[in-house]
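Here we start with a single chain on its own, the form predicted on its own, put down as structure tokens.
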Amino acid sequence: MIALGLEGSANKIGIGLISHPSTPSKPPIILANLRHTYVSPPGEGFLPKDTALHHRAWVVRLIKQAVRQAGVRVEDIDVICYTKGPGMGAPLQSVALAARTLALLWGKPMVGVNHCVGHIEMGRSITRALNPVVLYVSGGNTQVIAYSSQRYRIFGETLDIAIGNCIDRFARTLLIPNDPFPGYNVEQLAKHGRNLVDLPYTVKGMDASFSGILAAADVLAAGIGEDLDEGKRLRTEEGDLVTREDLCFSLQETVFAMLVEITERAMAHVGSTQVLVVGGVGSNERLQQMMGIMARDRGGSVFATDERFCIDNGIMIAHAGLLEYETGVVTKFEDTSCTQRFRTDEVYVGWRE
């Protein structure tokens, strides 16, 4: 069976085509996985209305290109899958409209997919992780998840902003470019950081808070400007000047340590030795390294994918939607809306035992 997936919950429009072999034990075949990103100027975020206009401008050409690249006909496609939520309202609506238009033109059924479940199922498929604790980290979400009784159960999550949002907003403070994406540029700067600056560490049980860390980092950033007098510039206890690289390094080390702590606690609770890291922030090499050290100390292992599948993409929506479709799930046309709030644990996972 073949599914077309449309993803547009944030600043990336993704179109994917995937085929599930008739033999369940065989891995899915990725036929096409295309994506285009709306990039805002340095120091600015992406507004919903501008992002929606970007998605509308690119969706048709990406669909045509994906179908050509996959070498399939419209008749070969069994189902149209789209991101129902969570995400930004206007971009979600633009992609849902495109999906409905295709379904009507081509006479195909539709499946509305939970964005978070799409990340999880794509990660499981690519890495072949068996039953891992999942750390889902992106621009809009931060959750520690484990599977039980046909649901992905949330063990811990952010109490305020998501980790990706925290990093992206700090990138705006430092006027770090948004191309290819701010988190990647922060990661590259952090690799050259040498001084660890104290930042608030806020873990509450299984949950974490990032807004206070961001506020503190913003205050410190005001003291590293080269235009400041030498006596007013931020220094370490040893007297070294604190650089933007140091602040990026310190922010990453602090927030990633928080994630490792709550993930390890979830592993201990469910007795798992595997960690699967998904979502855009999951492509960060330092996060993967820190999580790998923790997992190995517990006699376990960490699983992650590269940016093709960590960052929002259409193939994950096609894959998760086709899993649902194969269990008999179809979204009625009158229900093919979208929602900014769609929790991971609301989805009935009928394709897993």
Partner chain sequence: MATPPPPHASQPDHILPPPFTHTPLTVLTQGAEALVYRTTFLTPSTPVALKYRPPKPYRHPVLDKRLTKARLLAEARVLVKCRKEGVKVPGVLGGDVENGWLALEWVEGRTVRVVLDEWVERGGENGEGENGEGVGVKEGEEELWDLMRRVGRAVARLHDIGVCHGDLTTTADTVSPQSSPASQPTGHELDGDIIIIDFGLATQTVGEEERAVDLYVLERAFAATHPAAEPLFREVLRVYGESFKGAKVVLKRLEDVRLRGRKRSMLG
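This structure is a prediction, so every number in the text was calculated from the model and none was measured. Numbering follows the first chain given and starts at 1.
Form predicted together with the partner chain: not shown, discussed below.
Every residue in the set Gly140, Tyr201 and Arg286 has a non-hydrogen atom no more than 4.5 Å from the partner chain in the predicted bound form.
From the list 141-149, 104-112, 119-127, 68-76, the contact stretch for the partner chain in the predicted bound form under a 4.5 Å heavy atom rule is 141-149. Among Ile63, Met290, Val302, Ile30, the residue placing a heavy atom within 4.5 Å of the partner chain in the predicted bound form is Met290. The contact with the partner chain in the predicted bound form, taken as any heavy atom within 4.5 Å, belongs to Glu253 out of Asp218, Asp179, Asp240, Glu253. Among heavy atoms of Asp306, none comes within 4.5 Å of the partner chain in the predicted bound form. The partner chain in the predicted bound form is approached by Arg298, whose closest heavy atom lies within 4.5 angstroms of it.
When contacts are judged by a 4.5 Å heavy atom cut-off, Met294 counts as touching the partner chain in the predicted bound form.
In the predicted bound form, the partner chain sits within 4.5 Å of a heavy atom of Val260. Residues are counted as partner-facing when one of their heavy atoms sits within 4.5 Å of the partner chain in the predicted bound form; in 261-286 these are Glu261, Glu264, Arg265, Ala268, Arg286, in sequence order.
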